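Only one chain is included here, represented as structure tokens and corresponding to the form predicted alone.
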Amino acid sequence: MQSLQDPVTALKGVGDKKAEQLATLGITTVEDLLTHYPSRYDDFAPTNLEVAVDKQKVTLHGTVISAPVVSRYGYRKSRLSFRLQTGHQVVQVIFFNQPYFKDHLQVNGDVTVVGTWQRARQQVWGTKLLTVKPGEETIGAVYAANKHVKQATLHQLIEVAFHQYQHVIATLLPVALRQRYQLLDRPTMIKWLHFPTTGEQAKQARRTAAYEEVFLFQLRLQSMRLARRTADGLQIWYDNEELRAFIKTIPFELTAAQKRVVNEICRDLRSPFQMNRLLQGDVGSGKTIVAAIAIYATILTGHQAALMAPTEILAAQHAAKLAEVFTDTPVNVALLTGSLTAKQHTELLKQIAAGQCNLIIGTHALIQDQVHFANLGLAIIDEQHRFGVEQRKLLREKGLQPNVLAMTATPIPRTLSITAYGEMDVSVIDELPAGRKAIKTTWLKSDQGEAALSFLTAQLQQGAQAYVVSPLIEESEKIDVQNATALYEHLAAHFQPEYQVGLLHGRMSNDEKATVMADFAAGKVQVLVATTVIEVGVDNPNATVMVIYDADRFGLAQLHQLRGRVGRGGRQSYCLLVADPKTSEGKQRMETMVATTDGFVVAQRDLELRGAGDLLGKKQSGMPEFKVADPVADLKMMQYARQDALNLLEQPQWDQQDENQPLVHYLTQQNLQTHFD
């Protein structure tokens, strides 16, 4: 019995060697081949030569009326020419250095020629020769190919596959959805994607394929979400009055956004289902104090809480800050990192296992096999995008279904939050604390470096501190950019002895980093020259100036994170971007940074410039590589598909209904089982 999961060797003309070649494109089954959708289409609608202008790209359908002739000239150069009757006109067609086309031409044969119109000579200098007859296809599919598999091979094999297997292509989308959105059945969709006769057919087919992709993806995500909501979780029945009393000890009023988010998290903690929530908040929005409230609520019930940070600097800062927040409370803070001595490490592990420490803060050291918690109730993952999917999973699996709160200071556009994080509940702190002033951002060219130093000097004279960031640690012969070591030496010579200059980079030892950071925090160092090691978590309210050299070498999200290291106190702060971008994208990044300090606007622009896959990185496997759908352009479709998937899953015994059996079968075959399995 035929199945779309048959190997490609089941197709006529495909042996082991060709199968190996197809595998280089990720094509191993008939399904893979049929869903290797065109990346674009060439329009082969005939051109009216009477109105065509000189050097215009034209497409001509016609009949060969003279024998093709190949003439040689120069070194290994050739010219193939013949006369073509198209409508009432006769034109000469010339193909340069493509003599093999002669074998595809015969007098009185019909062909389609794509080329450039040479109006004065009444010639077409051809680029493509197609055996498309007048009245047949007017557009042609163009596929992603490589050196092993050519376009012509893909065209041929897809045609063979469709001819052999079209009768077993089952429609996956429920009838109600196809009717609501006027979508095609799957056999027609695949046929029109590969072999459209009009542009409208291709458009309808791509629209259907895009919705099918996002619907199947959302079906998986929403199934995971529902599965967590029906699985037994750890209920945190904290004392509400005790939690209120703790909140009153916080020396500032929570913003309305913080209060809303705290309520959402506390509702999750008391729920019988495992919390799986993503907390988004721009730099400086106050995520840490929200996390502290969730930690306190958890510890009130006798459970432990763990907070995993991506760097030792950030972990140490969290430990110091939270120890201060939890002064005179039953919270016992422990810091677990790779820099502990063997003796300290062993002793701390014993205390964690015995429950003597109820708030454990650390790096990825928290997820090592030898770390055992007494009764973990809450796992917090800070800057969660810095950790791979497997690392986050390992922390979630510590303890018995602990509640999970992932935090990120990298604002995620709604476009991505409903795709990459669609299985999570999302809370957003979209309001900065009262009194915070917007950071003034300026873009300077490299020849304005002296102006940047003058401004920096003026700020230092007013008692401010500053960061100066470089993309490299040491000089590189390949890339002509400022580097941290050279900058440090230059600025030290410029400012010392009046102002002290420090250096911080990733190759320094943990003790060296800690010393520099302590000196900067204490005001002993006024200018800190650093690489992006300071991108996340470094908090000095007295730092009011951020100078970023070769700023066009950084992505928008990274620039926004760096800018967020200042503006954390009540004084006006500034960000100077020194850059000479060579590309239009680099210029757009600088213009975006100058135009807005809203992290969500920056993130959306970053998404538009870089694309979803680049923005999330390879480790974030939650984001698929869609073949047709575009998470940015198809946001509204993604939103509808999300609700449609949820509606289907909430129908009683939806997977038992006859019309849904092709969908159930497909999900099982593709290893996308939903929670009904």
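The structure displayed is predicted, hence computed values, not measured ones. Each residue number is its position in the shown sequence, starting from 1.
A second form of this protein, the form predicted together with a small molecule, is not displayed here; the remarks below concern that form.
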4.5 Å heavy atom contact, residue 237 to the small molecule in the predicted bound form: no
Contact of residue 79 with the small molecule in the predicted bound form (heavy atom, 4.5 Å): no
Residue 572, heavy atom within 4.5 angstroms of the small molecule in the predicted bound form: no
Close approach of residue 430 to the small molecule in the predicted bound form, 4.5 Å, heavy atom: no
The unique member of 268, 213, 282, 606 whose heavy atoms fall within 4.5 Å of the small molecule in the predicted bound form: 282
Answer option from 470, 201, 288, 441, heavy atom within 4.5 Å of the small molecule in the predicted bound form: 288
One stretch from 252 to 260, 595 to 603, 113 to 121, 305 to 313 that, in the predicted bound form, holds residues within 4.5 Å of the small molecule by heavy atom: 252 to 260
